[in-house]
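Just one chain is shown here, as structure tokens, and it is the form predicted on its own.
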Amino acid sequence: MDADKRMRLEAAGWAVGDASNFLGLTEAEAELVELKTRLALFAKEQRKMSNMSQDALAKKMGSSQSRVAKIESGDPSVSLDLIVRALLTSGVTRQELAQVIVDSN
């Protein structure tokens, strides 16, 4: 949100914050949400770059297409280890994975 809009809203009596404020997330929880979101988007990009369908990746992982869809959409029920497994299965190296984590700040 731009500064002008923020000032107008605050002047009108609105409280302005972000999702972390609204949900009452700690800094660590907010970082975890951000990291999972970045990894989920990266998983989708990498699958597409590997010319794999969700179904093909799922079979390679020993999972289901619907689970891959949940990984890529950032479903909160998906664990970090499942996201990482999808990334590694689609050909991402540990160095590339580490770069996504480092670049998340």
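Computed from a prediction, not measured in an experiment: that's the story for all the values here. Note that residue numbering begins at 1 and tracks the sequence as displayed.
We do not show the form predicted in complex with the DNA, though everything after this point is about it.
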Original post:
Should residue 77 be classed as touching the DNA in the model of the complex when contacts are defined as heavy atoms within 4.5 Å?
Top reply: yes
**OP:** Although the DNA is absent from this view, report whether residue 69 comes within 4.5 Å of it in the model of the complex, heavy atoms only.
**Re:** yes
Subject >> is_contact(residue 46, the DNA) in the model of the complex, heavy atom dist at most 4.5 Å >> reply: no
Subject >> Exercise: residue 82 in contact with the DNA in the model of the complex, heavy atom 4.5 Å >> reply: yes
